[in-house]
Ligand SMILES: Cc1ncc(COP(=O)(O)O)c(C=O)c1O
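Okay, here we've got a single chain as structure tokens, the form predicted on its own, with questions on binding and movement later.
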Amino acid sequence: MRVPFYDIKAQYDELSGPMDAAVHEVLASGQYSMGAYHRKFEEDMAALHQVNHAIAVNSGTDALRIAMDALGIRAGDEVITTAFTFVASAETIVQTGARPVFVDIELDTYQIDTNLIEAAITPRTKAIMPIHLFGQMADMGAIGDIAERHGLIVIEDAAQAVGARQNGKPAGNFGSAAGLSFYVTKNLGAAGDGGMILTNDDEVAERSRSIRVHGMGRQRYYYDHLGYTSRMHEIQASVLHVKLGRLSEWNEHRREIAELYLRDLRDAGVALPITLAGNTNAWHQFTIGVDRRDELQAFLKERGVDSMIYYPVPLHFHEPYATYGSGEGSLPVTERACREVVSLPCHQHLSLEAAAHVVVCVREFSKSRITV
């Protein structure tokens, strides 16, 4: 059986009628930037995440960068985060002139280890950026308490957590701002790229809306801030608006796949992910830990099963970010995770039959290691 890691085309096949109609409506309207679909999508996402403001931008990376600019992160500041993540998390901190300060993660959840945060705080610390990795949220209660004690800003990197909740409260509600990503492979993916800033702060929202359009204020061609060109294209907003109607059902199917894996791989010789108490996991990825990870990948590939490694090298090992870390051994759990993690197929168009085949293959690999 062939089991692809993604099936982007299946999303179009499922929704081709309404998606085609929405795109043609945009083309016929002549309003290709920040039109009716753009406004509706922002309204719907604000409602979904129960925030006052949702500001659509060109990418998840831009969402983080613009949010930090709007929150006043500047050169000389420090932002506490992790090195087990996609590069945009640290990249955007560096672009503001601030310094990322990496702390280690918990091996069973892959989230920031909240017990290590306070030791990393210095007089230059301005913010904490927890990363809701693989679809579940970091421990925002503990992070919020730390931030309040030390007078710090909290910026949620929720790029992989569209629809995730903690104790019933959606991502984007726990800090001063949050960034979402709609890159094509996300749970809610555009026909290319897109992002969104979530905030309950009126001033942050106003500055973010200005910064995404060159810093322009309420009056055209009058500029209040240094800005970017980061408008979400109207065609992308129309596609996302259509897909948003299926997000809840799609995320629920991801949970069914994850529950199957968690049940049937319990004794398969792999480390299974743990969801924090109170979390509703969006299951952007189902990531396991296993030694001889490369051998498992090759074994799966021979049997038609795709897999992916997120992330093979921690950020503090990469040349542009090495200066912000303390070298090998400084983040032992992060470094171990990068050696051992592999993500199994887990998406809205993966059948339960295909997921069961993945289980069979992983168990075969585990059994072959025991009998050799």
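The first residue of the sequence shown is number 1, and the count goes up from there. Given the structure is predicted, the values throughout are model-derived calculations rather than measurements.
Below, we refer to the form predicted together with this ligand, which is not included among the displayed structures.
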The unique member of A88, V270, A190, I105 whose heavy atoms fall within 4.5 Å of this ligand in the predicted bound form: A88
Given that this ligand is left out here, which of L331, L64, L315, A56 has a heavy atom within 4.5 Å of it in the predicted bound form? L64
Of the candidate stretches 112 to 120, 155 to 163, 235 to 243, 93 to 101, the one with residues having heavy atoms within 4.5 Å of this ligand in the predicted bound form is 155 to 163
Looking in the predicted bound form, any heavy atom of Y324 within 4.5 Å of this ligand? no
Does any part of R254 reach within 4.5 Å of this ligand in the predicted bound form? Heavy atoms only, please. no
Is there a heavy atom of S181 lying 4.5 Å or less from a heavy atom of this ligand in the predicted bound form? yes
How about A205: is it within 4.5 Å of this ligand in the predicted bound form, going by heavy atoms? no
Suppose contact means a heavy atom within 4.5 Å; in the predicted bound form, does that hold for all of G60, I131 and K186 with this ligand? yes
